[in-house]
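Single chain ahead, by itself, as structure tokens, in the form predicted alone.
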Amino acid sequence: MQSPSRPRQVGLALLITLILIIFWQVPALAQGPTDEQLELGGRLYAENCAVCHGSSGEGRVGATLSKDWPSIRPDLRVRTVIEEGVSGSPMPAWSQKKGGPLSDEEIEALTLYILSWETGGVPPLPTLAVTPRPPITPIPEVEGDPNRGAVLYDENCAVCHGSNGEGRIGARLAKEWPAIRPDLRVKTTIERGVPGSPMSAWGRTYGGPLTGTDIDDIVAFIVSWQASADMVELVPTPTPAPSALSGPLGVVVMLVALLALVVVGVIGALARRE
């Protein structure tokens, strides 16, 4: 007959095993991140996360990250969200395994950087270099300044859509827009976002950080890609140089040639008769 204490012993053994597994998996977390990891994480955060979550994790169009995470393993929770995203929300998947741009090592460094806010040991974000763009000619029928829009695009949109609208974890924007007024379509999408997708609402009226003027300028910049693609450089066909046989002189030369042919033909006929 089984001893009554046997189930308690088994349960205690399982509990101890679970505790050992948990502590076995967190030696790096107990030791704290290295300076190299925090430096890499800070750069990655500045490049990929600050635009939505704020430069200090205070939240912008994304969730607040500088907080205490109510979890036994906050590192696993944060890492999973970065890797896989949150379905039906503006948070896309960033892991290369899920189609994103970040490696496992980069996600690990980014996770450690975000969790350093809990201890107050977070280093300041690095200043990202900005490459100036060539001047853009405004499109007459589109409201907004595309040159100011280029700066705002780099600050708010390039992280998801690519610096040249080629797409990254967001949609490709450098394309032909199938609409009579593509500027209005783009403006509505930026202002209101796309519910259930990674595209958040960026207009202040809908809770975002951008003013109406900001959005008009970004729209003018985005639509300028289509205008540039549609523009065909028309090179005037050069006028042919006058030929030596053109004009009245050419007519005379042709008549002389015909007359010569006739004379040759007559001479040949007479020669055959003899």
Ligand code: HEC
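Everything quoted here is computed from the prediction, not taken from an experiment. Counting begins at 1, following the sequence as shown.
The same protein also has a form predicted together with the named molecule, omitted here; what follows describes it.
- In the predicted bound form, at least one heavy atom of residue 67 sits within 4.5 Å of the named molecule.
- Taking the partner from the other structure, the named molecule in the predicted bound form has a heavy atom within 4.5 Å of a heavy atom of residue 91.
- Of the heavy atoms in residue 116, none are within 4.5 Å of the named molecule in the predicted bound form.
- The closest non-hydrogen atom of residue 223 lies beyond 4.5 Å of the named molecule in the predicted bound form.
- A single residue from the set 112, 142, 150, 78 has any heavy atom within 4.5 angstroms of the named molecule in the predicted bound form; that residue is 78.
- Just one of 174, 136, 171, 184 comes within 4.5 Å of the named molecule in the predicted bound form, counting any heavy atom, and that one is 171.
- Looking at 176 to 211, the residues that come within 4.5 Å of the named molecule in the predicted bound form, counting any heavy atom, are 177, 185, 186, 189, 190, 194, 197, 198, 199, 202, 210.
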